[in-house]
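Shown next as structure tokens: one chain only, the form predicted alone.
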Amino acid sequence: MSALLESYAAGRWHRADDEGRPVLDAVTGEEVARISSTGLDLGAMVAHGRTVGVAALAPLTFHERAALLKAVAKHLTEVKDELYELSFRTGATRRDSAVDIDGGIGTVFSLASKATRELPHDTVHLDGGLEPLGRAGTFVGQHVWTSRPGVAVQVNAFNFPVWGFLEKLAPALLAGSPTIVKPAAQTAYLAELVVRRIIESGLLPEGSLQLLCGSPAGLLDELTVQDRVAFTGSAHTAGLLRGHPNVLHGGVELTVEADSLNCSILGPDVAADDPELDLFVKAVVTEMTVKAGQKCTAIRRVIVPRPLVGTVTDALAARLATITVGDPRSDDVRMGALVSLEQRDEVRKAIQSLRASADLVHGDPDRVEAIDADAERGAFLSPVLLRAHDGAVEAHDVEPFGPVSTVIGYDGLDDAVALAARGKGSLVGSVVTHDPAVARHVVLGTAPWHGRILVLDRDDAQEATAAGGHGSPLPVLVHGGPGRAGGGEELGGIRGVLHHLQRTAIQASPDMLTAITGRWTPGSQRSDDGTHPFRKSLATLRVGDTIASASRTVTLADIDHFAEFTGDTFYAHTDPEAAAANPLFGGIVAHGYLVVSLAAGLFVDPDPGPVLANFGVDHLRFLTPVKADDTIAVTLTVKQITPRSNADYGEVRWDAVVTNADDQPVATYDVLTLVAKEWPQA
């Protein structure tokens, strides 16, 4: 008897006290492991996450959590050869494993880097700008994102035991949410190995990651209003979860990714000798055969102009004829096995249903030649291509979760859009066209039914293919879809992190908001101790430190010189008569960029010091024209301080307000600088 998979619960590895049920090798039919959760205290797991896990993660800043994830990704990179070897037993080829393993690790790297760039070195993240709530400016509002004191439960499908786990883990941990991972039984042995290697590394705080191998029955009973569940799997199971009392009435948040009859549409502009036709055929075949078609993003419906149905069908069949099936370890094999014999039976049933209104044009669902493998002991299946009859219904209702696609003809773009919509909501769709008008028509028509749409043509093909094409979710883009696809969203860069956070509107005085958010709020107190803030390192600089500059008169000679020197001779700066006729100016005015340049001269400290560089400005607005002989001054205040963990300097955001002689703001913006952590530097 093979080893019994263990769960990691409440700080220790748990082994069930029964023999469990067998999990078989998808290629050979041999037993890989046994799985059971008998005796596992699910309540203790949830409590451990809420107490030990939350206590460890909540005090960490977004940047500190990102550093933990980056370390985990580096560690998994070092052990990925071991993961690849075990992945063969799931039926995955080396290419399939790259999508799963390297894709998952890459997602962690990507989200960790994005969090470091876009989230603060703090535990609170601002959402939008300040909202005035009173006339005097003493009462203002600010939306903020903060961590929730609950656990994130992920229930995953069998097809991506590594990526499916990591793409949910990364945003949850960035948000400070301890995670309980429940992998699908068929491939749980690979997910268990990944978790085991992470736990052994000691990189994550105790309580931040737990593993449940076996039945999760009763887990939702333990969850409450601060907890959330991310489910990937069948619509049937999703329906059962949606009906759980704690989801219906207990405030448990459920996100679902379920069935998806994704489509790819070939534009009517594409001719038989256009490169787009070849791109279309290659994309369809790739999506049919990667992971043996066991992808929630695979192309199930191939929607083509009716006059090209025969051409496309023949081209697809010819390319599918080159796909070799068998042991994924073999160099001669292009497609491995389905995850199990039971899954193969399910796909065969789906094909039989599709054949009620479609003709089989390539492949034999009941027989396949398998290279270096027993075709019956392993869960092998030939790629199957069907051609739908006019008015076919099944192609839009039945999802064959395997290497199966159906070609469907359309008459006109409105018909193509209507056919796409008959899938009742999908994770991803694509349109292959070189005509911008076709692209706009199809994208705008199908967008309400899709979470993501790829527009593929000769111009973006190389990079689009390198990025994974139609079927590869990307960490910076939303993964999810409406309708039958589940209605949930995952990934999407920082959007995926925000999904786990609580957004709250704070109403307070500016001083209180500054104290709460760690970011200077306009209207709150400033600090001027007589030392120029540019002489302060990060060790001594504080939010609210301010310099109020002397004033300077902007002369007509300054304006003329700037116009001649830069070549910006716009009439408002050079033609008195035309400038006077413009109701916005009423005469010659200074260039906005001249005002900003002169303002820099008013606040800059010229000597070498802790301020190492200016790397830009944000939110620049010109509010009031500055006329010749107007006087300007600038107030510069430290707005936000963000140390960089991997450098001896950090970022400082300064609030800049340029005013005229009447103390009216003429320009506002944020100045961005890099400031040394210590000065003089060691």
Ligand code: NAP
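Numbering starts at 1 and runs along the sequence shown. All of these numbers come straight from a predicted model, not from anything done at the bench.
Absent from the display: the form predicted together with the ligand. The rest refers to it.
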- Message: Please tell me which of 442, 296, 292, 152 lies within 4.5 Å of the ligand in the predicted complex, judged by heavy atoms.
- Response: 296
- Query: Of the residues 240, 437, 550, 584, which one places a heavy atom within 4.5 Å of the ligand in the predicted complex?
  - Reply: 240
- residue 545: touches the ligand in the predicted complex, heavy atom cutoff 4.5 angstroms: no
- Wondering, does residue 536 line up within 4.5 Å of the ligand in the predicted complex on heavy atoms? no
- Query: Just to confirm, residue 183 within 4.5 Å of the ligand in the predicted complex by heavy atoms?
  - Reply: yes
- Contact between residue 258 and the ligand in the predicted complex at 4.5 Å, heavy atoms? yes
- Query: If contact means any heavy atom within 4.5 Å, which of 231-239, 138-146, 448-456, 317-325 contacts the ligand in the predicted complex?
  - Reply: 231-239
- Item | in the predicted complex, residues of 261-293 near the ligand [heavy atom within 4.5 Å] | none
